[in-house]
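Only one chain is included here, represented as structure tokens and corresponding to the form predicted on its own.
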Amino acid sequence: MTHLLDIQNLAASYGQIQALRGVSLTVDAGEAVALVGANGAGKSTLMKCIMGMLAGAAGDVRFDGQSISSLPVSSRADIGIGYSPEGRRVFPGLTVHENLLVASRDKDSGRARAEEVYTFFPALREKISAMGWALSGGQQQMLAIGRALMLRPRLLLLDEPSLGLSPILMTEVLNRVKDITASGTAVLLAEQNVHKALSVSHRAYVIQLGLMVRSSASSELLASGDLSSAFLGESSPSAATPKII
């Protein structure tokens, strides 16, 4: 079976600090996969490696059956990988609508796609002429995700979308993951809020200190009632992966 995203034995470092150690992960078309773990576990590093912002020291990243480990960032966007980074990074001097249109490559300059984005995030339509700097944190996060969707990606990488949001806005933003996957875009969601990430995803991987220590259906992990252990990267004694303390 060819996975949409297939990462095998990926290693990455920041200088002498090894951030990823033999990480393997898959995402299939039409599914949402959660990547959960504590701050500093390696979630953002993995996202940057997938997007080509950080070169892997070993292993391979494959997209739709082809290795993309040597492709630059722009080429990865061209083949259908969208990225909403941690920290939002909207353009403060552009309006909401301009923030969306600037990311489009459609022949109509993105107007039709922007309308589709507004169906995901109705709050953005209400702020269509507002400047980026005037938006709330939650609205900026919606805009960052919407801007990534303007490229019509086959895979959307969401890096800590709930960071800094109130519980109500966090729920509103993360609930859109289901809508995005239903529209045909697969999602890889890196998130510290374990319970919410599992509730909007099909499968989940738990990462700790650069190691994948557990993977399962999200519903199974939720039903286990062992979310604190999962967040810390602990595995059951019967699990195939080693217990990391």
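Each residue number is its position in the shown sequence, starting from 1. Bear in mind that the values here come from a model prediction, so they are computed numbers and not experimental data.
Below, we refer to the form predicted in complex with a small molecule, which is not included among the displayed structures.
Taken together, the three residues Tyr118, Gly146 and Leu149 all stay farther than 4.5 Å from the small molecule in the predicted bound form, as judged by their closest heavy atom. Though the partner is left out of this view, Gly40 does reach within 4.5 Å of the small molecule in the predicted bound form, counting heavy atoms only. Contact between Glu86 and the small molecule in the predicted bound form is found at the 4.5 Å heavy atom cutoff.
Although the partner is absent here, Thr45 sits close enough that one of its heavy atoms falls within 4.5 Å of the small molecule in the predicted bound form. Although the partner is absent here, Ala19 is a contact residue: one of its heavy atoms lies within 4.5 angstroms of the small molecule in the predicted bound form. This chain is displayed without the small molecule, yet in the predicted bound form the stretch 31 to 39 from 176 to 184, 211 to 219, 197 to 205, 31 to 39 comes within 4.5 Å of it by heavy atoms.
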